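Next up: just one chain, as structure tokens, the form predicted alone.
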């Protein structure tokens, strides 16, 4: 891998900054000054340092974030702050001593939420893992806590558990599971991610979602110790739990 790519992938230095660092003789590989940003680095063997500080391969990173209202699930946005902005605030990191440097340039958001929806968001730089979680073939279940404007009409339950037609969609929704908490609050579990799906499902039955909070994706539950805006690294067990095929069972 080229020296400039290796350093930019594993630090906050940009390519232009790296060129300047090389010219200033501030970068070494195995103790020797390097004068070419195209120098080939063997990441597992070579020791790259900037001002004497080693640049280590970050590898794959996996985070869970408790998204607050008002943030969009995007890397950049001209109108709203983003979930990536939250990751850039060190005070939001739950256990900073246990984590590695965050490769902001390579982060991907796994399972997006609307700007007014709160709860669990997963973020990684592992594209294959992202695809396994979000692929329609994975049938990865997602559970939401829903607050409704009107009391849930039990007569509409069958529409959720057997699938319903949504405007603009060629296929009906897959079977969903509902757990009533109070007349206006419930948990809804779905295994797909159509555009604004939860809100559209309730709208199709004549109701309206007032608040929406995602509690889990697959077997990963939102850590109750994370305040709104906080994040932490996933455990190895949490990461591995998303590598399996998820079977979805509807509760009728």
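Numbering follows the first chain given and starts at 1. The structure displayed is predicted, hence computed values, not measured ones.
There is another form of this protein, the form predicted together with a small molecule, and it is not shown here; the text below is about that form.
A.B. asks: Taking a heavy atom within 4.5 Å as contact, would all three of 131, 134 and 242 count as contacting the small molecule in the predicted complex?
C.D. replies: Contact check failed for every one of 131, 134 and 242.
A.B. asks: Does the 4.5 Å heavy atom contact test between residue 184 and the small molecule in the predicted complex come out positive?
C.D. replies: Residue 184: no, not in contact with the small molecule in the predicted complex.
A.B. asks: Report whether the minimum heavy atom distance between residue 152 and the small molecule in the predicted complex is within 4.5 Å.
C.D. replies: Residue 152 lies outside the contact set for the small molecule.
A.B. asks: So in the predicted complex, does any heavy atom of residue 199 sit within 4.5 Å of the small molecule?
C.D. replies: Close contact exists here: in the predicted complex, residue 199 approaches the small molecule to within 4.5 Å, heavy atoms only.
A.B. asks: Find out whether any non-hydrogen atom of residue 87 is located within 4.5 angstroms of the small molecule in the predicted complex, and reply yes or no.
C.D. replies: Although the small molecule is absent here, residue 87 would stay clear of it in the predicted complex, with no heavy atoms inside 4.5 Å.
A.B. asks: Looking at 124, 173, 117, 92, which is the one with a non-hydrogen atom within 4.5 Å of the small molecule in the predicted complex?
C.D. replies: Residue within 4.5 Å of the partner: 117.
A.B. asks: Identify which of 212, 61, 37, 41 has a heavy atom within 4.5 Å of the small molecule in the predicted complex; exactly one of them does.
C.D. replies: If I apply the 4.5 Å criterion carefully, the residue I get is 212.
A.B. asks: Counting any heavy atom within 4.5 Å as contact, can you tell me which stretch out of 189-197, 47-55, 222-230, 22-30 lines the small molecule in the predicted complex?
C.D. replies: In short, 189-197.
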